[in-house]
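Structure 1 and structure 2 below are the same protein chain in two forms, each given by itself as structure tokens.
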Structure 1
Amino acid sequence: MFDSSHIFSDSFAHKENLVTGIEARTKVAFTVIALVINLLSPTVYTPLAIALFCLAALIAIGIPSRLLVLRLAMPLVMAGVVVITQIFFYGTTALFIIPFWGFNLVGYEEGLARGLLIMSRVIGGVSLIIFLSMSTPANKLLLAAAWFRVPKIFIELTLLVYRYIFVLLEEIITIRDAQRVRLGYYNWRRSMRSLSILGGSLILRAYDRAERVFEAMIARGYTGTMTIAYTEHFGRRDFVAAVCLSAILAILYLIGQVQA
């Protein structure tokens, strides 16, 4: 059964399977190179092939398709808006004309083609990010980033932000449940008042928690930097996975070149 709590969690990334077993640095490199190929593709075929590969791999390891649709919903809405704007504001070859309040809205063939290309790139890029985030635990991603020489300040901030996003979500759920018990959302006016109280309480609790977390870190010897080191070794299995992913990248690149 689908659990909505998995929308913002990485619980699937901690399960043992073929995809999650791939070494984090390999998946990061694959994702970055695939993103470049996706953005430089002259046709829609490569981005769509990337999206199909990523979504098929995630479904194969047991991630519910409904969860994937929910994560893709907002990017698809934004991409749809881009398609509509491109149709009416880009191009010279008229595809259709719609009378609207005394004006003629002209849809252009070049705009449709460009809009679909942008939309496919959005779908491909988002699918890659979902593939990486849902198959790799956050701690391994941050360790891989340290291995790639990402500045430590960004890694530390990302670690703290990622950890306390879920803490604040728990605070929101607790406050909202307490308000519901007291009929805080009985009508529109009370709902607006409850939401304002929830927002104010959340800000105060976040500030208070930040103070307590900083004091706890100082008490444990925090001096401004954390010790972050990648200790996993690149074995034979990881080498095989890297070769297979490299072959997939080559195929995805060739798909766009052949169709172009």
Structure 2
Amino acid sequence: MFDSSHIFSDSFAHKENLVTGIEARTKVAFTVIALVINLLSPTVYTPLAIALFCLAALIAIGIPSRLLVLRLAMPLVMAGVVVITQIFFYGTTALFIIPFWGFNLVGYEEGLARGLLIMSRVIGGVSLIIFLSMSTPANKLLLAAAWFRVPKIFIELTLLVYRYIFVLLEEIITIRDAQRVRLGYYNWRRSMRSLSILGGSLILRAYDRAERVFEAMIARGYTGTMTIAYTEHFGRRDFVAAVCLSAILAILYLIGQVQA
């Protein structure tokens, strides 16, 4: 995990292209509204249309499809569990029956339909989130959230957390490697011991570093809170983009209604 987690989704957001060029607040608003539409959709068509739109856009700006699959895989495993529970536990119209150790397992039609709907919502929802996070740098995303009146302290905290994840990650990787070359992960018992040491060192380091960071901050005039302001300008181009995205939202919404 550690070795691949440097592929935070937003590492792609620093390139310049059509999608990353859309102003952050617009994209945040679009994503949130689309998430609601996705969740309220009575049919599988809206979620699938959303997924199609997002994934197509991401592939168009050159995101490796392997990564998209990777991001979708984990939620889909969970959705799979849910689908199975729905098939067997929900509904009245029997679809199929499997004899199983003296029991009859009954799969229901309504359950299958509901399972598929949930599955499609997962695909649609996850696509939307990666659409947002792969095309918007974390920093812009959070400043946009600040503009939407998310508490400043929360934003400030998240920015700091985001920054120091990378610093600590580097330290963890080195400490873990240092343990490995001295056979710290030779068997399970030693692994647990080495892991505890690693976690403990991480905490101690975090404290020490926090002290030094604080010194560096007050040396540059820090008085207790950071000034967070969204400075980006909302130009004509952004207005056009916002109108287009609104139209897309309306279409996505209508797809669900018409089919129902």
Partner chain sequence: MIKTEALSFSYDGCTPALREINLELRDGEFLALLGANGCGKTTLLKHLNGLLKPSSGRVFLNGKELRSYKDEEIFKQVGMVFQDPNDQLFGATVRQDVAFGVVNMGLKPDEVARTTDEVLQLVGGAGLPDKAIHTLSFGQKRRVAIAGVLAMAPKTILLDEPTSSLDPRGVSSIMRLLRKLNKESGTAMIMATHDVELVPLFSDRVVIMSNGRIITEGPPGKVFADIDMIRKAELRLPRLAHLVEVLQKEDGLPFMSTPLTIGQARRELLSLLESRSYQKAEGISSHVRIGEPADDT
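Keep in mind that what you see is a predicted model, and the values were worked out from it rather than measured. We call the rigid core the largest set of C-alpha positions that still match within 1.5 Å between the two forms. Structure 1 provides the reference sequence; residues are numbered from 1 along it.
Engineer: Structure 1 or 2, which would you say is the form predicted in complex with the partner chain?
Structural biologist: Looking at both copies of the chain, structure 2 is the one that matches the description.
Engineer: Superposing on the rigid core, does the Cα of Val167 end up 2 Å or more away between structure 1 and structure 2?
Structural biologist: Passes the 2 Å threshold, so yes.
Engineer: Using a rigid core alignment, state whether the CA of Ala29 is displaced by 2 Å or more between structure 1 and structure 2.
Structural biologist: For Ala29, whose C-alpha is compared between structure 1 and structure 2 after core superposition, the shift is less than 2 Å.
Engineer: Superposing on the rigid core, is the CA of Trp188 displaced by 2 Å or more between structure 1 and structure 2?
Structural biologist: Yes, Trp188 moves 2 Å or more.
Engineer: Mind pulling the C-alpha shift for Glu215 between structure 1 and structure 2, with the rigid core superposed, in Å?
Structural biologist: So the C-alpha of this residue moves 4.6 Å.
Engineer: What does the CA of Ala178 shift by between structure 1 and structure 2 after fitting on the core? Give it in Å to one decimal.
Structural biologist: Displacement of the alpha carbon, after core fit: 3.6 Å.
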